[in-house]
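Only one chain is included here, represented as structure tokens and corresponding to the form predicted on its own.
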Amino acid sequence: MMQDINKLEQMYKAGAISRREFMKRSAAIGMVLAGSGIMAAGSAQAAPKKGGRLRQGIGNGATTDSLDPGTHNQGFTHNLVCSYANSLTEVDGEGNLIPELAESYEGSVDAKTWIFKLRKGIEFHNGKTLTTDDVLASINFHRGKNSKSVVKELLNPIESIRKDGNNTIVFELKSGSADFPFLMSDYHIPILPEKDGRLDWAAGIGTGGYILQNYEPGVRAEFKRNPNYWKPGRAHFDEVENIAILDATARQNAIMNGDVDVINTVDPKIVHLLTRVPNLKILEVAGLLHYTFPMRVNVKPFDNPDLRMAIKLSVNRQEMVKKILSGHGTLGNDHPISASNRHHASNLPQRAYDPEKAKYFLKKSGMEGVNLQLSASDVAFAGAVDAALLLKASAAKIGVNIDVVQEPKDGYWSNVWNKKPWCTARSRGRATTDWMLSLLYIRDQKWNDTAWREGPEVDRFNELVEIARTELDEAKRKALYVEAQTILHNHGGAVIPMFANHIMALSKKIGHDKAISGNAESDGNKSAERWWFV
């Protein structure tokens, strides 16, 4: 059933069927979902009302977390900043880009100049009026020479940024970028107040629907509603409490016992159990989320391309989708662009479990009987340790010995991911192909967790991403992105075996819009702003 839903949503997003046909086909599926206790995006909801305290159990968080937006690297900090701050633009529940703090935005014919006009009269929580100086400080914070921000390279295409009067910001890019306004919705780039010429990020003050009252990194964050919020019909709760619950079983118990009203990142294997709880509903959205096993190619033995290919061919993807996702997802093909993306390389053959071919590449690598360590934690994704064990079992059949190292949940994203040679990881994906590839795969990006930075394939890949960014002819642009995906598929360091649905468990007291964002977990991490108690 869920595979039918995924396929239908992907066809609609890819433009293969019309909205009318989508609604027609989904109607019957919706009846089945209602009977099973699963609610798909598009289900009717009661009208919003104000009040109550929303308690969210979030499957991420670490004691090393900070309010510094340039360091945010997982769901807890993403949801945190989206609760108390806004960006220039946002991605809505249907995946469309809409203005947020910007009233409008417009690009030049060559997409090299972008003009954003700010909304007037918006105030920060401390009463300060939003100005162009705040926007300049918020963006330049990530661009500075000494910046350690994870999005520094993502913003590298900006040649200059200036204000034009009191409410206009002008971006001049080094080359055209048709998707540039999407980057301004990134949760790393909230618009925060400027103070004495610097960004005052440590104050935890924004323009968002909620005012931050208390923040204990890795533990909880508490908010109260902003009485002067500028968005009509948003931020309905009186109070919001986000609680870091890293253990999947503990999250399950918390929602079943009524200790929280919402949990994100539900383990697919327990969905059928939660549907039996009378006061709960499951909200499932197909999106861009994918699970990965990044190999750092600058560390032996992962610098050997034949060994990497042997590992990719030793992964039983069908088994992982069945046993780890319980069918709540689709196969991955060792690149990060999902079938719902209009640039998806649909003609690229699906990589399958092929022990004989894997043995050929292993022998070619000269590493038969090699011993490898794979760091894993379920904080990476629900079932990550089990997925690592499945990979260990299938790889053993070709002569690769994998020692699965179960890492601590706290600090996993700061101490293990993007540091240890091989680990489990996930990416929520991004709204555009350029954003996805630029954030995680181009040569100099801090989040290039495969350290894939040298060689002719890397040179060609980076060239393709840069050219595609400026190409305004959609057919030519897709061809460039297809070639880029093919290079990642064949030469990259990431094993990407599956795309997973976003699965959340909610109290039936929670209402939400018909369209739920698949751009990130928790309705694009806008749950506090967009949801309400019925």
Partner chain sequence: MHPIFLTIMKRLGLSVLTLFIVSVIIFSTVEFLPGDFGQAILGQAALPDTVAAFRRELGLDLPLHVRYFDWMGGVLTGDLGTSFSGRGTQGLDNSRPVIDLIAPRLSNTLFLASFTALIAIPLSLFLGITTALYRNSIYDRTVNTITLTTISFPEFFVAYLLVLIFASFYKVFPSLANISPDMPLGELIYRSALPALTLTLVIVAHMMRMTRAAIINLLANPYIEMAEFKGLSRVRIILHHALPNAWAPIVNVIAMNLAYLVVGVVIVEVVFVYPGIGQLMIDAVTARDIPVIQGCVMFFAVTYILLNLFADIISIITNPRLLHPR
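Numbering follows the first chain given and starts at 1. Predicted model, so just to flag it, every value in this text is computed and none were measured.
Below: the form predicted together with its partner chain, not depicted.
Taken together, the three residues S66, R220 and I245 all come within 4.5 Å of its partner chain in the predicted bound form, as judged by their closest heavy atom. Heavy atoms within 4.5 Å of its partner chain in the predicted bound form map, among the stretches 115-123, 135-143, 341-349, 327-335, onto 135-143 alone. Listed residues V299, A202, L273, A396 were compared with its partner chain in the predicted bound form; A202 is the one with a heavy atom within 4.5 Å. A heavy atom within 4.5 Å of its partner chain in the predicted bound form is found for exactly one of N304, S149, N167, N462: S149. E241 belongs to the set of residues with a heavy atom inside 4.5 Å of its partner chain in the predicted bound form. Contact check for V260: a heavy atom falls within 4.5 Å of its partner chain in the predicted bound form. Though the partner is left out of this view, Q213 does not reach within 4.5 Å of its partner chain in the predicted bound form, counting heavy atoms only. Residue contact with its partner chain in the predicted bound form: A484 places no heavy atom within 4.5 Å of it.
With contact defined as any non-hydrogen atom lying within 4.5 angstroms of its partner chain in the predicted bound form, the contacting residues in 412-443 are W413, S414, N415, W417, R426, given in sequence order.
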